[in-house]
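Before any questions on binding or motion, here is one chain by itself as structure tokens, the form predicted on its own.
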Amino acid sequence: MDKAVLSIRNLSKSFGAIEASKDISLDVRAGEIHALIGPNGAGKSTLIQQIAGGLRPDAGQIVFQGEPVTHLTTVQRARLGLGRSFQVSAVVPDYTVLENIMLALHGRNRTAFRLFSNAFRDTALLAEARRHAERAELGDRLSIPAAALAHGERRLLELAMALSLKPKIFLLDEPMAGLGNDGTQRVTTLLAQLKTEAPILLVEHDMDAVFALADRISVLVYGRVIATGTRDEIRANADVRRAYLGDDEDAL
């Protein structure tokens, strides 16, 4: 688990006088879930947007599978296998679960939208779509429109669509947001499986989920990474407790 799939080196981004990212360096290694945590306004989503290509950093470099990608667009990065799942795989409310997954597969294959109806004649593609649905525990919901899904089921559909894109890394921005205990557990179980296929950079506020899943954790405060380490190392880090946890022994 030593090889870095994604490396961020000295990344900086300012919006006027606000320094959203301050000389950030971190990496995501093969086979791991690397969680990025921090208080609201710490710059987590800004960092994810820079990695995905939605924002251009003012300084620094993003290296993906050994190649610099800082100059590439969001679409170019996604085609290389670097994708922000909930940005790339937008759910279409009026489409069924199966149709949404098929649409993601259609996009992966870069075929014309007018040929989308033909995809349903492709038995191999249909079988693949059903496999992704089964993995996301949506095998019995294939004919249900996305708009009729519960919030947690829609998150699982987004993950199934992300799976169909076969990314080389998952960039997940708060996948547990708004979920109840059952939904959180279902997503947690799926993410634990996904890391064996592609590493995950996970932004998440649910600390129980973070400490259940993460192999390593980076703590971002005011745009700067103040600590990176294993779960035990982060739990014991005095700087983390002072800056983020308020020195609360029960917070982690």
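Quick caveat: nothing in here was measured; it's all calculated off a predicted structure. Residue indices: 1-based, along the sequence shown.
The form predicted in complex with a small molecule is left out here; the points below concern that form.
Contact check for Glu137: every heavy atom lies farther than 4.5 Å from the small molecule in the predicted complex. In the predicted complex, at least one heavy atom of Asn40 sits within 4.5 Å of the small molecule. Although the partner is absent here, Lys195 sits far enough away that none of its heavy atoms falls within 4.5 Å of the small molecule in the predicted complex. The small molecule in the predicted complex comes within 4.5 Å of a heavy atom belonging to Lys44.
Residues of just one listed stretch (181-189, 44-52, 57-65, 22-30) have heavy atoms within 4.5 Å of the small molecule in the predicted complex: 44-52.
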